[in-house]
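One chain is shown next in structure tokens, namely the form predicted on its own.
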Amino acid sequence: MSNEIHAVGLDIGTSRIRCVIGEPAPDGRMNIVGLGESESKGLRRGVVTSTEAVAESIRRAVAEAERVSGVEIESATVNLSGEHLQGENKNGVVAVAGPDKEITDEDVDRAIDSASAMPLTPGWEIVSRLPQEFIVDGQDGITEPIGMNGSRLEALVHVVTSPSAARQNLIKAVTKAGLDVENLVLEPLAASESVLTDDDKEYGCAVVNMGAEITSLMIFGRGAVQHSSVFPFGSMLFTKDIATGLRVSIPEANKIKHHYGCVASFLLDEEEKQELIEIVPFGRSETRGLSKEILCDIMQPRAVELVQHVASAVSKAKAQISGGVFLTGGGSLVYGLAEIAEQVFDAPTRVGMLDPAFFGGLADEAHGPQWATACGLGLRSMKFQIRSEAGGKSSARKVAEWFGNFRDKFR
């Protein structure tokens, strides 16, 4: 594979911005050669509120990744997030053209277009079309209908819509930072690229990506996206609860959350529960002691509440998640969240780490769930560039691979 390919994933979050630079390895994995992150400014719940502030934050994260890798980048694959995103399942039916009734890429294109033909609110647009499966003359479960014979082709597609301004302002911020946007990928979809296997997607699982202010859910089944939704809350609620309950500043509350926070009291033994934490009350210089048990009592009810909201959406979607729940994003680092989620979801739950089958190089440096989205974006960037170099793909296969439906992992 060409060493000229430099895959770049840029995860623009409300709290942190992370940049990953990768190169294709001979074994098909992506070797991570550069990592960079910076504090994020100019975003609220995934929506750009100041393009210049976001651009400056991007510049800092990119500069660090370039310094580590020794590579200068010009474009990046970027995450698309925000509480405004709305996903729904649609279907479209077309008659197969041609005298021999053999399904062509044009037929597939027409079927996907038919499924995506939906009335949109003024100012809204379709930002992602994720094919689920095709049905040929009543036979379902087909992922690659091209070349098959039939007279009726139906496409089932998960369609995600968003206000046009949200995407445009995100692109504007990235452009101001001196980068071109190579591709936009839904945030939970990008996270799934780096932590899920084909079997996970086939048997049914859920990816819950928790950031500072928003949490996104994506459910997979039969190898494709079956449901997606976004919730207007994230780990910042823990910080605010701590600040209110302990009368400390937001920065102090954030520090307490990261260093001592726990949301599952059953994980603490008696000695740990009584262990004292030194805190500085707001506007004072003297410190006072706080037991870890009291801190857990503040955080645990909020964790249960947040997870129940997500679990309720899974239940309404009537989805099978026997493959388990994968927690990604910086919010999933809160100690005990996976254990609480496992009880609420009543399904196997774990923190989503990078799958070693997909990554090499500096992968150990990006092992945490907070890097799942950025690394997944980098993987998408690499695949996109490899396909562009190869060329000659049929339009239908390009559509299917673009939206990640065909399982073409580089192992």
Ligand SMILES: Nc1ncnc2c1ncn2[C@@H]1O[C@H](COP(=O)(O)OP(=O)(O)OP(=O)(O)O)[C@@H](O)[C@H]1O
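Numbers for residues come from their place in the sequence shown, where the first is 1. These numbers were taken from a predicted model, which means no experiment stands behind them.
Unshown form predicted in complex with this ligand; subsequent notes refer to it.
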Report task. Examine Val157 and determine whether its closest non-hydrogen atom to this ligand in the predicted complex is within 4.5 angstroms. Result -> no
Query raised in the report: Taking the shortest heavy atom distance, is Arg129 within 4.5 Å of this ligand in the predicted complex?
Result: no
Query raised in the report: Is there any non-hydrogen atom of Arg16 lying within 4.5 Å of this ligand in the predicted complex?
Result: yes
Query raised in the report: Within a 4.5 Å heavy atom cut-off, is Glu213 in contact with this ligand in the predicted complex?
Result: yes
Requested in this report: Go through 252 to 260, 95 to 103, 306 to 314, 68 to 76 and give me the stretch that gets within 4.5 Å of this ligand in the predicted complex, heavy atoms only.
Outcome: 252 to 260
Query - Selected contact from Gly336, Gly223, Gly87, Gly330, since only one has a non-hydrogen atom within 4.5 angstroms of this ligand in the predicted complex - result: Gly330
Query raised in the report: Taking this ligand in the predicted complex, which residues of 221 to 239 have any heavy atom within 4.5 Å of it?
Result: Ser235, Met236
